[in-house]
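As a starting point, one isolated chain is supplied in structure tokens, in the form predicted alone.
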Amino acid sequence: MRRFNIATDEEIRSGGTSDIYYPRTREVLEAKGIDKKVVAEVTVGKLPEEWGWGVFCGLDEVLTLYEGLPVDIYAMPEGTIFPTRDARGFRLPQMVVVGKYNSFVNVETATVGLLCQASGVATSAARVKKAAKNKTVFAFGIRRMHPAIAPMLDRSAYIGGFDGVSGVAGAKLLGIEPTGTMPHPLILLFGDQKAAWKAFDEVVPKNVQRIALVDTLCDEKFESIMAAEVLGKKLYGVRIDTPGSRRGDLLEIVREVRWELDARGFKSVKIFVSGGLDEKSVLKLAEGPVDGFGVGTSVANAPTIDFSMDVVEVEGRPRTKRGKYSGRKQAWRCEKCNRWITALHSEKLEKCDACGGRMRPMLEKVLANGAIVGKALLPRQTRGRVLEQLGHYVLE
């Protein structure tokens, strides 16, 4: 009996999470003896929220989905920051599947689903990290979403540039330690801030940073001073998690806390802010003396990127539906000026026509007849790829 409303691995891989018209399509094709080799292309028509770029994420699960199927897959490296269209306005392919259509029709729904949500979260995270102006950002959003996808949410946020995650399972997947110290209930159950902070310091392993939550019972400034006096040099930082309904000017609150801590000799104590933050509020707060942010719902519940998967070639002939471009394609990116060009697969671009830089083909073979090709990067390496590219992009 199913106890949680989630699909099993086998259901996902076998088509149990497919839109019904795909299994019916396969049934019709098989009944009529039709099974043709196709090229199916994954592209994005428009990004949400008027974003100018997206972060390609979720490829790891796509490869798990297709492993063992007799198809080839070519894709951008996970963590690639991409526009939806090239310099001339043509759609840019992010991934291509080559093989007999009947062999993968049942997983088409899952294919785009795995990419849509992971890429949306990674893109939102990258935008928040950009807004934070290189300050520390942690993912605190899994409590707002179904627990079954918590590891995916944490992984996507981390790849998008976040410095850590709060989830136990997500951190284990990433090979890092989970981030987070104390919630409000700890203080409420003790009934006294000082007692809670002292108990935390006495019980929790020393390798965990002592970051005191300072907005439970009193004014943020006075609780921050209290925490600094109680824990002294052991206090790494304070976290302000004031709800929006009582917040007022949060930036001014942070400035006040910073001033009062510094005035008492606690200049090394860092200030972290969390609670209802998003890209816009982080951008504003980053101008002040905030050392780090905990960002939750706005990233975990990020709008999905609307990937679509379309047949563009049948038995070697260009063929697709209206509104799309037929023929197998390659996406090229200039290594010097970051200019993108979409070209037919048969074309080879040498130099960028804008700056003369070398053009690099971005769709690489990642699955060969159902076998994963090459060695996957560690999540921290993929994250590093995103952070390296962020310098080429701005927040619109």
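If you're wondering where the values come from, they're calculated on a predicted model, not measured in any experiment. Just count from 1 along the sequence shown to find any residue number.
The same protein also has a form predicted together with a small molecule, omitted here; what follows describes it.
- Note that among 295-303, 92-100, 204-212, 149-157, the stretch whose heavy atoms approach the small molecule to within 4.5 Å in the predicted bound form is 295-303.
- None of 114, 277, 269, 196 but one reaches within 4.5 angstroms of the small molecule in the predicted bound form through a heavy atom, and that residue is 277.
- Residue-level contacts in the predicted bound form: of 143, 321, 233, 317, one residue has a heavy atom within 4.5 Å of the small molecule, and it is 143.
- By the criterion of a heavy atom within 4.5 Å, residue 184 is counted among the residues contacting the small molecule in the predicted bound form.
- The small molecule in the predicted bound form comes within 4.5 Å of no heavy atom belonging to residue 163.
- Within this chain, residue 310 is remote from the site of the small molecule in the predicted bound form, having no heavy atom within 4.5 Å.
- Under a 4.5 angstroms non-hydrogen atom cutoff, the small molecule in the predicted bound form lacks residue 291 among its neighbouring residues.
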